[in-house]
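The data below hold one chain only, encoded as structure tokens and taken in the form predicted alone.
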């Protein structure tokens, strides 16, 4: 588990629960807890309806230290705070960041345009300082980070920390398929695509023959039906639960019409095929623009230690430059 190694290396590991049933999530949470005494978290997409609610309830029963959510309204903040946990809200706009603070979130993960998967139009360089100036809780910046220089830049712009998805996906402990890792090693900063054709929402993927075709495609009815049935089976949902999840998505605060749900079902099916099965013909790969700067597959510990060492060297270098500038006045 990448999140486990991330915790033990000094970071905050977050376990993604979207492809788990609630009981699978519980099993993984307990396994993580047995293998580390460090804080860790789970990430849950809230617009998945009953399955999301059940998974959050499991996380609270297990007293997971950090719950990170996206795409929905966090009804569970007070309950998490009651056992001493923290809630992180992932957003992509200033408006939603302010709302997350008002709802009681302990910190905000703000996602710039460069990031993998979902995001809005503002880049990290613009979005981060804007959000940091509007809220008083810690801000974690996501989108475009892979080294110590990026960490220092984020701190200078008002962040309390950074989130790295693509970079940690390309580590030895990452569960993503080696086909994905090897494809990423060959990619440049220009080898991603951003489109709403993947799952109905603006989203960034690695550029492959599959994603290029999907970006040009129209409504994928047959593929959407197949994807929906795959997700129903994967999450072990009854037809009632499955229909309830769809209705919940259409009536949520961040509502999604049926055509968006259809694309999301197709996307989920292809993402699993790509990320975990390594299927280069049918699968798709989620990756940010920073993929072009990821040139090796280190262990998580080596990566974290490298980032901290680079950050320290960067600070020393900048101090030296500022000292020289002051002396020359």
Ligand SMILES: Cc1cc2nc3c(=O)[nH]c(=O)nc-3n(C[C@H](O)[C@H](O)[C@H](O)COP(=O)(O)O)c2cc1C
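Because the structure is a prediction, the values reported are computed rather than measured. Positions refer to the first chain, counted from 1.
Form predicted in complex with the ligand: not shown, discussed below.
Given that the ligand is not shown alongside this chain, does residue 28 nevertheless sit within 4.5 Å of it in the model of the complex, heavy atom to heavy atom?
Contact check for residue 28: no, nothing within 4.5 Å of the ligand in the model of the complex.
Hey, in the model of the complex, is residue 211 touching the ligand, heavy atoms inside 4.5 Å?
Result no; residue 211 lies far from the ligand in the model of the complex.
Does residue 173 reach the ligand in the model of the complex if we count a contact as any heavy atom within 4.5 Å?
No, no contact at 4.5 Å.
Even though the partner isn't displayed, in the model of the complex is residue 306 close enough to the ligand, meaning a heavy atom within 4.5 Å?
Residue 306 lies outside the contact set for the ligand.
Given the stretches 279 to 287, 30 to 38, 56 to 64, 297 to 305, which is the single one in contact with the ligand in the model of the complex, using a heavy atom cutoff of 4.5 Å?
So the stretch in question is 279 to 287.
Which residue, 105, 142, 131, 154, is the contact with the ligand in the model of the complex, using a 4.5 Å heavy atom cutoff?
It is 142 that has a heavy atom within 4.5 Å of the partner.
Scan 165, 74, 148, 85 and let me know which has any heavy atom within 4.5 Å of the ligand in the model of the complex.
None of the others qualify; the residue that does is 165.
For the stretch 92 to 111, which residues lie within 4.5 Å of the ligand in the model of the complex by non-hydrogen atom distance?
Heavy-atom contacts to the ligand in the model of the complex: only 111.
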